[in-house]
Ligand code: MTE
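Next up: a single chain in structure tokens, the form predicted on its own.
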Amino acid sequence: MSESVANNKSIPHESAHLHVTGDAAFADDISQLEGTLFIALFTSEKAHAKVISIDTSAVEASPGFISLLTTEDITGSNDCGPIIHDDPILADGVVSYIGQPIFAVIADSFLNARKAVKKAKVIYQQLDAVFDLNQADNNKSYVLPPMMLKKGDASGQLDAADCRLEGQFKVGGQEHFYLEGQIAYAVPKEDGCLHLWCSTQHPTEMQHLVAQACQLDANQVIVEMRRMGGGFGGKESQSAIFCCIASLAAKKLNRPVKCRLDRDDDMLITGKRHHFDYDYQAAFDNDGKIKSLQLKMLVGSGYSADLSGPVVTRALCHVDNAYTLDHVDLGAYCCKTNTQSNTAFRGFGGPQGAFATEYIIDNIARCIGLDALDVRKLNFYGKTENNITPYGQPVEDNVINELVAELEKSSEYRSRRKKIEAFNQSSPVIKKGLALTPVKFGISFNVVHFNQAGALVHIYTDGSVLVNHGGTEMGQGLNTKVAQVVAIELGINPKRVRATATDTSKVANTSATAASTGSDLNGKAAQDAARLIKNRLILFLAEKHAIDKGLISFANDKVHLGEKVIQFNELIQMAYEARVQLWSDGFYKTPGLHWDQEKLVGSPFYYYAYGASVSEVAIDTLTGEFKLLRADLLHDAGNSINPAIDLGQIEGGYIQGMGWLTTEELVWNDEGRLLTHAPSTYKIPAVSDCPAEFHVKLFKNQNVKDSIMRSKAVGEPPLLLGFSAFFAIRDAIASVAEYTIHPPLNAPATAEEILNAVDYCLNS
């Protein structure tokens, strides 16, 4: 094992002490400059309408009122769409959903701005609105052309197979519910420049969009971001509208301007996880081996494209999950509706794609009277055979069989299954369910050129180290891991290394911190920079001491030169005095990726992360309530850089996935108004929803690819572990009909959904 691998260990999150003491500075905590102004947004009250007139006379007479920001103040492009230019910063003449910003009120305080904006009077002319995905599909109303992924002869195999199934089901969207809401603080600088502090996963995109809106060059806009209070994808593209509005106001008035949303406005304005409606036909043999899958997915994109294209691409590339599917006909339709424009969310479409096949396998197992685990295992990818994905990439690092076997044993799945069946026989009201579901998740951006990163590393003369990279810290421990990588490369204590705020003036042209690539890309770039400095130091020592470079090593804050040992900080002072460059930039691009977006074929992923979970639940068949009793998770993080952080990500991902599929219901009324726009009406999992027995382990493995220290990503893949909670609920419902009927359970499995499914099983 290499030195770097041997030195991995759990260390605390670099900001943990600041978080628990309340000293961690977020965007809203930055000391406000004198003269700072505040924004409140006037948002549409109609789902689809022409704006006939706007009366702001009462607004302008309000205490503390300073100015308005309207479309007339946008000197550049009135667009903040990340890919397609269909997403206006401020609605121009026509509104497309309830909650769309029309204009901004700028006042001397946040409260005065909020009070003033409520006095505006707007007259609308109602237009036809679409909220239903089937209606949008029937009207051929899409934000993007349909996407198709085909392999083999799905139709022929469907006709020839022993058994067939068909059906429809749905999975809902999900609110990001980051603890820190959307915020942007724009400060004018000399020569027309802007400095923007904001909560975003994509500082470079904010820089570009602000520059376009304000008619500036990119070099006139600095975006700085020290940390986010959560992002989950909701701050990848959707932070742009608030950054642009704050910047436009700051440029107009030449004063600092802050745009901070309260929770209700945040949830009304911003998009969610895409919801999916599925229509499938599946063919399989008498053993449960899948022979053909035809799947139509209607995708709730909302009123604009946003990131629907790459989200749906990833969904199509994850329909296979952990299974060999030789004959598929998959179609995805990005339906245009008059609701918030849906966006990135942890998993980025992957969970919605994989969920479909898990649901279908659950039905197949019930059809042939087998445990769903046995059907899953029968269909798993092989090591060297049956290992080609529907999009043509070989699965070369498959460990799903060994991982599931280990979890099956450690969780005592088989014996618990027997106990649960016996319990259900004697319990007329409370029913228990059990499920084991696997995960195979591709790691890399589908867009190849996004898979690059840069970093800067500085060593100061006292031996302390500063690292700056293009990734963003949103609580996931990215800065901690990058600092560890630099420390391991230089052979020093991680406490000597500090990671600084992401800053577009330091590392330029960065990709979003998304697609679970943060540590892979930025860790490699930082390692490259640190290695360049170390190589200079080795060359300096070799020449100074007339020693072979191979005899020089760095470890434990010391440098070994054969028999001689010197302290690291002593070496740095010596090197400085000898005029050795003690800083360097680093760069990394992921190798071996290629992708044809038109044909949906290629090798879009550098490697796969694997995992599996077992969930045990109890449901009340009279009320529809459920309780998660126990969860066993086993996840492949490769050679984990920081096991403690990875375990935290796995636990959190599972709970967030479970919440998406059980309690986090988004509800719109008939007019298209989001009703679940606050903690009082939208239920994320709480501490009481965590299982009393929660067993989480890392699967012992090393990445076969040359990832950073042979680790694997743990940002998005663990969310799919939450599948097992949903299918355990479905298993419990099926027990009321002796496991012979498919419960028509849609996600999220709310109490109402559970009761309806129980009633169906009892009366069919």
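So that there is no doubt, residue numbering starts at 1 and follows the sequence shown. Please read these numbers as outputs of a predicted model, since none were measured by experiment.
Not pictured, yet referred to below: the form predicted in complex with this ligand.
_Each of Gly475, Gln649 and Glu716 having a non-hydrogen atom within 4.5 Å of this ligand in the predicted bound form: is that the case here?_
Judged in the predicted bound form, Gly475, Gln649 and Glu716 all sit within 4.5 Å of this ligand.
_Contacting member of Phe232, Phe276, Phe355, Phe626, with respect to this ligand in the predicted bound form [4.5 Å, heavy atom]_ = Partner contact (heavy atom, 4.5 Å) among the options: Phe232.
*Could you spot which one of Gln182, Ser516, Gln484, Ser96 gets a heavy atom to within 4.5 Å of this ligand in the predicted bound form?*
Going through each option in turn, the one that passes is Ser516.
*Choose one stretch from 407-415, 502-510, 223-231, 276-284: the one whose residues place a heavy atom within 4.5 angstroms of this ligand in the predicted bound form.*
Flagged stretch: 223-231.
_Arg346: touches this ligand in the predicted bound form, heavy atom cutoff 4.5 angstroms_ = So Arg346 counts as contacting this ligand.
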